[in-house]
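Presented as structure tokens, the chain that follows is alone, the form predicted on its own.
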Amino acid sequence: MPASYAYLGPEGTFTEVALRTLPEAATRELAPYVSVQSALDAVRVGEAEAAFVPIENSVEGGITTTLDELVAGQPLMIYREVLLSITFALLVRPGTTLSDIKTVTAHPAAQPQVRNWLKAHLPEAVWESAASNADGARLVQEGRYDAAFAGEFAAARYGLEALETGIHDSPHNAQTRFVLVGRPARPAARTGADKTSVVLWQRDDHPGTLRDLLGEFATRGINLMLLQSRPTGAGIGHYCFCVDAEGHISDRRMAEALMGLKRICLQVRYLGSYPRADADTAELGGRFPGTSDEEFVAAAEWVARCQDGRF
């Protein structure tokens, strides 16, 4: 298996910065790819051991490009996640002033995060999307656009300068979540502060269907961290649901919830159980009455005793 990690490139993206925070990244060849799709496809065809891609940000929620790639095609699994605080710099060719800027570019996910700043400071500038923020910086270097929103660290790499820094519309600490994705295998070991990701397809469309799906988690005290619908391609009104839930597949409550979902869903795609990046602030599972592994075991033993007439 190639000892390489694919990531959304080119060099100088926030994705690369987040990837380099993983200790194992120092022992892998890091290969930039032009899109999320091409990075994940590199894993599917065996060109790369794993791919590192953005999946969620605190302003816009789930990144649909990545979610759709995990929903469709040959199954893949998430093994790690990383949270990275994001602020943008406005990168320009040396000598460019704010009044010179008529066109700006960045990855589409950046636009909602700088929209208000752009409206206040460059209301007449025309926005054009780039394959990534770093690719936008490259296009500015080539003279295609006047400015790019990217990480300040990308300026030196592309011979640009940061005209403005610390740009972000959110009053809070905006973050982007990245995931390390590989081919299906045994999930990462349980840590006690974990996350499980699945995709759920409804068996049919009737009142209360989504409530039934969510009930499998709720009745077992499992908190959801992401719930996003994505079209299945079967026509208007046909959706599947991408879900991130607190807990690990080896937790009794999570295993029972997944079994329940498997019974009532048309299809369930398991995307992995893995350590939470915010494990230092995560509340451990089983914090609601009746949802700890010990309580599930005790209940199962009670049923067994009843079946044997030993109650």
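The shown structure was predicted, so the numbers you read here are calculated from the model rather than taken from an experiment. A residue's number is simply how far along the shown sequence it sits, counting from 1.
There is also a form predicted together with another copy of the chain; it is not shown, and the following applies to it.
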- Message: I need the one stretch from 88-96, 104-112, 156-164, 199-207 whose residues put non-hydrogen atoms within 4.5 angstroms of another copy of the chain in the predicted complex.
- Response: 199-207
- Query: Wondering, does residue 72 line up within 4.5 Å of another copy of the chain in the predicted complex on heavy atoms?
  - Reply: no
- Message: in the predicted complex, is there a heavy atom of another copy of the chain that lies within 4.5 Å of any heavy atom of residue 57, even though the partner is absent here?
- Response: yes
- Message: Taking any heavy atom pair closer than or equal to 4.5 Å as contact, tell me whether residue 80 reaches another copy of the chain in the predicted complex.
- Response: no
- Message: Within 4.5 Å, heavy atoms only: does residue 277 come near another copy of the chain in the predicted complex?
- Response: no
- Quick one: of 131, 122, 225, 193, which gets a non-hydrogen atom within 4.5 angstroms of another copy of the chain in the predicted complex? 225
- Could you list which residues of 240-269 come within 4.5 Å of another copy of the chain in the predicted complex, counting heavy atoms only? 241, 249, 250, 255, 256, 258, 259, 262, 263, 268
